[in-house]
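What follows is a single chain, given as structure tokens, in the form predicted on its own.
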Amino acid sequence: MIKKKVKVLNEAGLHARPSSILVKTASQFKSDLFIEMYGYRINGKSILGLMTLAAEKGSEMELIMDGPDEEEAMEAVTELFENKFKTA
């Protein structure tokens, strides 16, 4: 299991479109993705879970990846956050 803190950088926050991109990317891997924020832990492969976080620009969250391809999955998901989900 690996963990990494990330920050939401895109202007509109983690709304429907970036959430969809995140779920689609995370679902390509066998590893489980959990996201912790504000004391909540949600399944990172659930768009409903992501939407309940209502993460705005500047929000910090911790990604938790657990599984056989966790390194590759973490790299792919982290890249989305760093590139503002390719929406900016």
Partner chain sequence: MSTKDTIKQRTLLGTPGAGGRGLGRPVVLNREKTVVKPEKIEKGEEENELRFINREIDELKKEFYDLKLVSNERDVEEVIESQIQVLDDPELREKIREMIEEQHYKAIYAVFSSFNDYIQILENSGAKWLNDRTVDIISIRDQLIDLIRNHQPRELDADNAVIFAVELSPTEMVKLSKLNPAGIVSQKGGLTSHMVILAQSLGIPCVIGADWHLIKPERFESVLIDGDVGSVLFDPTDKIIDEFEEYQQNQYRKEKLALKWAEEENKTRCGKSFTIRGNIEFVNELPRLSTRGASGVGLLRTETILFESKDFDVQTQIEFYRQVAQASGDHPVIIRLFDAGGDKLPDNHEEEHNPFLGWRGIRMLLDSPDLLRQQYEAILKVSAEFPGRIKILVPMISHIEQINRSKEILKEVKNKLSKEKVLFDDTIPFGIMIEVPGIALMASEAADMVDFFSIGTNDLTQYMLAVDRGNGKISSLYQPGHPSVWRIINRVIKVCRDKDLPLSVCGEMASNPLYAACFMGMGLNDLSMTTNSIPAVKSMLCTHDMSEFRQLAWSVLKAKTYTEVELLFTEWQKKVELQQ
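Numbering follows the first chain given and starts at 1. Because the structure is predicted, anything quoted here is derived from the model rather than measured.
Keep in mind that the form predicted together with its partner chain is not shown, yet the notes after this line are about it.
Peer 1: Residue-level contact is defined here as any heavy atom of the residue lying within 4.5 Å of its partner chain in the predicted bound form; does S20 satisfy this criterion?
Peer 2: Contact check for S20: yes, within 4.5 Å of its partner chain in the predicted bound form.
Peer 1: Is K7 close enough to touch its partner chain in the predicted bound form, meaning at least one heavy atom pair within 4.5 Å?
Peer 2: Heavy-atom contact with its partner chain at 4.5 Å: absent for K7.
Peer 1: How about A73 - does it come within 4.5 Å of its partner chain in the predicted bound form, if we only consider non-hydrogen atoms?
Peer 2: Outside the cut-off, so no.
Peer 1: Would you please decide whether K57 lies within 4.5 angstroms of its partner chain in the predicted bound form, comparing each non-hydrogen atom pair?
Peer 2: Residue-level check for K57: yes, a contact with its partner chain.
Peer 1: Need the contact residues for 26-52: heavy atom within 4.5 Å of its partner chain in the predicted bound form, sequence order, or none if there are none.
Peer 2: The stretch 26-52, when checked against its partner chain in the predicted bound form, contributes N43, K45, S46, I47, L48, G49, M51, T52 at the 4.5 Å heavy-atom cut-off.
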